[in-house]
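The chain that follows stands alone, in the form predicted on its own, written as structure tokens.
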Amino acid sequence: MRDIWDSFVQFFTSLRVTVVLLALSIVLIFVATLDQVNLGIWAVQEKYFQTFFVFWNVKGFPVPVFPGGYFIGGLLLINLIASHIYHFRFAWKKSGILLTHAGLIILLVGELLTGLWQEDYQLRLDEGQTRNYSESYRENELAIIDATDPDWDQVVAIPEKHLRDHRDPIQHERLPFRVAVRAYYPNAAVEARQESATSPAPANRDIGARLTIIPLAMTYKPNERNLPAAVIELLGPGNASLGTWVISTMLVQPQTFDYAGRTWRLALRFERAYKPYSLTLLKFSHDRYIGTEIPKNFSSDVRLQSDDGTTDREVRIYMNNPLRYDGMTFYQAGFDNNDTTTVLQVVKNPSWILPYIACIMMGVGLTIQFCMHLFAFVAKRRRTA
């Protein structure tokens, strides 16, 4: 057991392991950068960096072909910490190196936490509009809404991943029926059904009986998004069919039906994140340089109101001046061409401060180490003279 432990320690504290891991990380970054042209930044992050292994599809089966970012970064973190424990001893002449390495450890941990915890949403507001939720740019959900009460809605939201893996009907305690997914399309267009069409309609309820679903290839471009569609069947007691519906993010208006004495609505929409506060767009400003269409500045004047009444204030959001509230950061990300609609990027990242701390520590550590060597060099020159 002693020999096994010594081999284990020798491996994880080896400088050769450090060099190999750094070389693998260079290759990983190079390949991911090339593949970003095909997949886009989000898909590249998930395929190469936010995974333990990079998989390729070989005849329909995923095969690991290269270590991923979590694997390489995790081993680098273990290697760095183990090397400090077994090789380094604190001394003032090495304080700069120790501080630099500590900053590097915090940077690696911060990147891991960011990948696990960070959430990105968008908030689109027209002038005068108020919203208490933001929407995901990449994730979707099936919203089943009990709209019987005129004062409030009871919503059951089913994440898109459950529609994608539709082996068994979906049952929720608040629904008097089950949801069976008969077909799922990760990216598709829906069009009006031609009168001369000979194939059967994909659904028999509401607008789905008049639509045609056209599957499309997945897109990974940063300025485009996939628009999923699905065919669902609602099942009552004894698996009795209540009908089939076509749901798609392209269908803006929810589909309505009555069952069990209540009014229900169906909508496949962008995933929402509700908050105990709301934002109202008071005014959107889009300033241009005189005589040109070149943007000079664009900003959003918003009113922030919390549900409990403790917060009620007006804030201006513009480039490099976001709104930070309740752990969320609201950035000015874009606008519509009508100059009355703003698009805010909403980011939640509990570990956002760690990279700043890490960079400061590494900068201070490198400065200390440089100054120590500089003073030693100057003192040596003086003694020689």
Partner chain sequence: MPSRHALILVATTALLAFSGCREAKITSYRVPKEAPPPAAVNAASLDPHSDPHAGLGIPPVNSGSMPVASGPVDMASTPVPTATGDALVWTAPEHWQSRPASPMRKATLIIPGDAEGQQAELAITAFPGDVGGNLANVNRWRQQLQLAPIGASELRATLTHVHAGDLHIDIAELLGPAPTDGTLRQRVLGAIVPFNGATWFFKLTGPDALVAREKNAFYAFVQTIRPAR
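Here the rigid core means the biggest group of C-alpha atoms that line up within 1.5 Å when the two forms are laid on top of each other. Everything numeric here is computed off the predicted structure, so don't read it as measured data. Residue numbers count along the first chain shown, from 1.
The same protein also has a form predicted in complex with its partner chain, omitted here; what follows describes it.
Participant: Can you pick the stretch from 186 to 194, 97 to 105, 310 to 318, 232 to 240 whose heavy atoms fall within 4.5 Å of its partner chain in the model of the complex?
Facilitator: One stretch meets the cut-off, namely 186 to 194.
Participant: So which of 80, 304, 282, 113 gets a non-hydrogen atom within 4.5 Å of its partner chain in the model of the complex?
Facilitator: Of 80, 304, 282, 113, the residue with a heavy atom within 4.5 Å of its partner chain in the model of the complex is 113.
Participant: Only one of 211, 181, 125, 268 has a non-hydrogen atom within 4.5 angstroms of its partner chain in the model of the complex; which is it?
Facilitator: For this set of options, the contacting one is 211.
Participant: Answer for residue 259 alone: is it within 4.5 Å of its partner chain in the model of the complex, judged on heavy atom distances?
Facilitator: Output for residue 259 is no: heavy atoms all beyond 4.5 Å of its partner chain.
Participant: Is the gap between residue 2 and its partner chain in the model of the complex 4.5 Å or less for some heavy atom pair?
Facilitator: Yes, contact at 4.5 Å.
Participant: Just to confirm, residue 89 within 4.5 Å of its partner chain in the model of the complex by heavy atoms?
Facilitator: Judged by the heavy-atom cut-off of 4.5 Å, residue 89 is in contact with its partner chain in the model of the complex.
Participant: Taking heavy atoms and a 4.5 Å cut-off, does residue 52 contact its partner chain in the model of the complex?
Facilitator: Residue 52 belongs to the contact set for its partner chain.
Participant: Residue by residue through 137 to 163, tell me which have a non-hydrogen atom within 4.5 angstroms of its partner chain in the model of the complex.
Facilitator: Contacting residues: 137, 141, 147, 149, 150, 151, 152, 153, 154, 155, 156, 157, 158, 159, 161, 162.
Participant: Aligned on the rigid core, do the two forms place the Cα of residue 88 2 Å or more apart, comparing between this form and the one not shown?
Facilitator: For residue 88, whose C-alpha is compared between this form and the one not shown after core superposition, the shift is 2 Å or more.
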